[in-house]
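Let us start with two forms of the same protein chain, each given on its own as structure tokens and named structure 1 and structure 2.
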Structure 1
Amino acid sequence: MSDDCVPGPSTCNNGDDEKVGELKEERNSETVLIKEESNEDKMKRMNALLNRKRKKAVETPSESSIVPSIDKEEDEGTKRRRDEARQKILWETERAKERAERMGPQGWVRPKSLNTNKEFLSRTIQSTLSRMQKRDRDDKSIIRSVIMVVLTKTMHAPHSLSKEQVGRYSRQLLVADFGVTGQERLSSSSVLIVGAGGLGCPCATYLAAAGVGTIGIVDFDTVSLDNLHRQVGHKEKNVGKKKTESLRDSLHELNSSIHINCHSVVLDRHSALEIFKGYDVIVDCSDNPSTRYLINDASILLNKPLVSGSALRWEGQLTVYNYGERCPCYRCVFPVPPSPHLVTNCAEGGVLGPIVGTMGSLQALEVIKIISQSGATYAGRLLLFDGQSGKMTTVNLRERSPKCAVCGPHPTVTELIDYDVFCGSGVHDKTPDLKVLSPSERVGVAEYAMLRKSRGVCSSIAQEIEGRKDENEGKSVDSSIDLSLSQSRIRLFDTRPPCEFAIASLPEATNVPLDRLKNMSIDELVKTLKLPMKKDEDKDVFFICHRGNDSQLAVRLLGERLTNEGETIHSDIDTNQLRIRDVVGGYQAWADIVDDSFPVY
């Protein structure tokens, strides 16, 4: 990327001196060029004239030097038109000067396709001459035209931005150290955003708004309602639509002048390199370890800078990898992937919109700095953002690891591998289904529904209250109705954290979070779980959770604790008689199979 870009602007502040210097240099160069180009007498004559007029124009841009002289034989109408044209040119010249002064030295940096001022002016003169010679044989007229074009181009900052672009991006053109050069670089760059979710939406939005020339979006997923609180690039009307297309439409509404490529595929070892190679900078807005390692390795193999962001709950992390010789990659810092069962994803742990919004915006900022060659603040540094306490901590990371499997001097990863195998988990942001218990230790939701019905447990608090109303024959019902009656009919313990229990639960369920369960003494366990002591008591104990993972762990935990410690303390608990089971698939399955009015999340 850096090879074909224009060298950065000078930090010199004496813009006027610099401009004058440049102009003088240009004038000389243009002279030399024309001499080289033509040995004919006509060109020599023209050259001499050009020099004289050009010198006057630069040193004293007076009327006579920049506006063609009026021929005596011209009539009044022509004169008037000439006067008007002269006024217009003068006005434009003044405006151009003002604009150039406001832009400072950066306004005068050459467009990307032209390396120097000399080259720019030479080409302008050449092209003007060739056009003029074809249709106008008059020397004076040719020279006049050349002067006009050269002056106009020199007075207006000769960059590649159109008038429309200057207008649209004016507020960022005014930013020192970004300016016209930064905009030109941005407009001619291409950025790939992997993941059109919580991070991808704000990142892509700011990059599109800023005028990144080409944006690629990779995502295989479709928009769902529970995305919208944080994935602000998608709209309600797009629920069910591909995320790539939904985000593309949103970005095009914001800026129709940029190119957007949709890659609606699962990014894997077979597709990654082909997609990545068309882009200058890669942005990791993905949501799982497997994709993160894949993105890292592909970026290293193609030597692209990688801007990586991640978030969960109240926290965010940001790092730029592979930006410069010594900058580490993701594997240098995290060579070992986390165990799949210890990875909490957004579907499980939740995340707040402004957290991903902050991190995605910071990613966009790093991309802009990389493309405009302002340096990447977080190259080799890890930003830890804690939105709850408002703390931002930056950790200086290591340099590139000599032992790194992909970017080290002796890499073992020289092509993309199977990242699902490497991480022990897939690319889908779904909670894995644990299989800890035997079928006899589990109960399906349909069976549980029948069981509780047979014991007279109502399916909802509303029904419970309704039932009590009938019993009381129209007497007023206490709103804080005691559900202990229903609770006593069946023992159901809900192992979810209190914040999830508060969303929705079955009326007979008692909340005993798994974390609390783990730390209880055996006495507390027996007491809290109201384990049956009497022979005639019901021996069933059920555990339920969100999706049926923690409930299995709770069954296993309780079984072990009771076997190891319970009987020695409470001789009247017969573990062989107890029947401890979990509800397969938890509340999600309950909603899917038994009660579709149950709120899912």
Structure 2
Amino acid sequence: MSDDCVPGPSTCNNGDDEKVGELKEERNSETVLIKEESNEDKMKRMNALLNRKRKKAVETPSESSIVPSIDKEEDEGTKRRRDEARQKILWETERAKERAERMGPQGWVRPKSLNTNKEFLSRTIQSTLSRMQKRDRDDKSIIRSVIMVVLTKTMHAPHSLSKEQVGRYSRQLLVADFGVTGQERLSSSSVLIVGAGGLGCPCATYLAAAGVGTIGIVDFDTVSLDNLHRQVGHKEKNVGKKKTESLRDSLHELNSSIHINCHSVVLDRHSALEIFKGYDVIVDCSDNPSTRYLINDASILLNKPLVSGSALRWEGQLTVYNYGERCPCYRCVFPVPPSPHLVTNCAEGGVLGPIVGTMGSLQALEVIKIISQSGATYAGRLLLFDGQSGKMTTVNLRERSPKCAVCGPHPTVTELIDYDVFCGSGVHDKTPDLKVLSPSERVGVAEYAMLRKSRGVCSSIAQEIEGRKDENEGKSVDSSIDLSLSQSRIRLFDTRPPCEFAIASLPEATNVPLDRLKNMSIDELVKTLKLPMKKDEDKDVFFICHRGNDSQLAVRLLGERLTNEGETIHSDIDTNQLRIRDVVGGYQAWADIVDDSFPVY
């Protein structure tokens, strides 16, 4: 064998050493180049190296290519995990967007379609349990996860108020002892207001503005022009419209997010319980005893708190019934209804708008305190407000009466009764027509008009006024002219208070208020009323008032004072010949039947 065919060890080692030396020099040069190259060049070099490796892998089969099934399974698993990760990212993104939409100004999250925190936690626990069970988790793991979710959710307790509600009611939310909890209770509550008048309008307005969820309004009446000075929930354009609908429109203009129910019916024993049962608190803004007893009894039977208010002239009253074990009801304080002729309402006694506005606002405040459970109420106490002096007085009422017919331990009223019969007047009788005289003691407005015309009263008064105009050269004439000429022909006495007499009256009438008549002696009566003596031919004396009630009382009073058991007290008066009568229906009937230009109030 030649030397060329059989290589020796010395020959081989020398060649290897030369190659190793070349590689070292090449690597050293590459190291120097790597240190000096920029980041951009480094990225290019690394990409080129990766491309070479990929090309080599394709040209030279690797060990993994011997077992293609394992490689395929790994590829499918990787793909599945990649898809799951992608779906999770999309899901989290959607959740983040939804959370951002419901994120509040202070970092809390408002639950959708939930009203209370209790419901929110219940829904959260159920969803967490469902997810854990689907993953086949053990009981301990499920319990641990649920506890962690509950703790996480309650660290920043969510509430049911939307961003718009927080903005609208923000000034209420800042009030101590009210806050978010009080607002949530208002939003989920319902209040029924009986009466859409002077008390009901301000009460409903403030409750709607405060965000009471549902407000019910009960009233059968329509808006009239004389309502507008005090019933601020109605407008001129709504005259003749149902009060419930008029007030509903006004409240929706103020707060369109609340729900309002209109009950344009006469509240009676057949409808009261059905209407009342759908509300949490009842507010009595009525103006007659019959309705007040009905509202009280229905509230007691359904165990509803009752906020009651009233107003007349310069004064107002407020209390809360049936709110607490010892709190009395209306029947406890007034077990017997008053006589109808002793009841005075706004139509007869009048009232100032700010008085009913004050009392209606206080009623709304009591309702808010009851619903939000914040602050002391007037349960068991009576607030007396005197607007003329600006004083407020609080009187403690006696506790619930054990003899009360409706709220006592042994009630006799277990269902609603006929309250028109019980009170002697109905819901429609805002001004009951008294009937205390016989027909022979009364005269109709048409008959009286004919009588005064036949006796020349009209011409006499006209001549008197015309003469005064001539004397004053056309100047306006004071209404208090000398009526001796007319009184010599007919005697008409107006029993209204001076403030009403100043509004309008018949020319021949002389103002003698009923309260003044009650305190007169016999001689004062004869002198003031200029009663006819025996020598006088005219024996007629007439009394007139607003609607024909006080005039009847005046006739009966005069008859009783002039006679004693049928005998005449005053020697100069022949009561057998004297005819004292009242004008039926008063000035209201006069305007309706005789003279439609006469002012009506």
Partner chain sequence: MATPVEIRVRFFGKARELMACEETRATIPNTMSYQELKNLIFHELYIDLESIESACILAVDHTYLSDHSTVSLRPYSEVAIIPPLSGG
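Under this definition, the rigid core comprises the largest set of C-alpha atoms superposing within 1.5 Å between the forms. Because the structure is a prediction, the values reported are computed rather than measured. Structure 1 provides the reference sequence; residues are numbered from 1 along it.
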{"item": "Structure corresponding to the form predicted on its own", "value": "2"}
{"item": "Shift of residue 303 between the two structures at or above 2 Å (CA, core fit)", "value": "no"}
{"item": "Residue 444: Cα shift of 2 Å or greater between the two structures (core-aligned)", "value": "yes"}
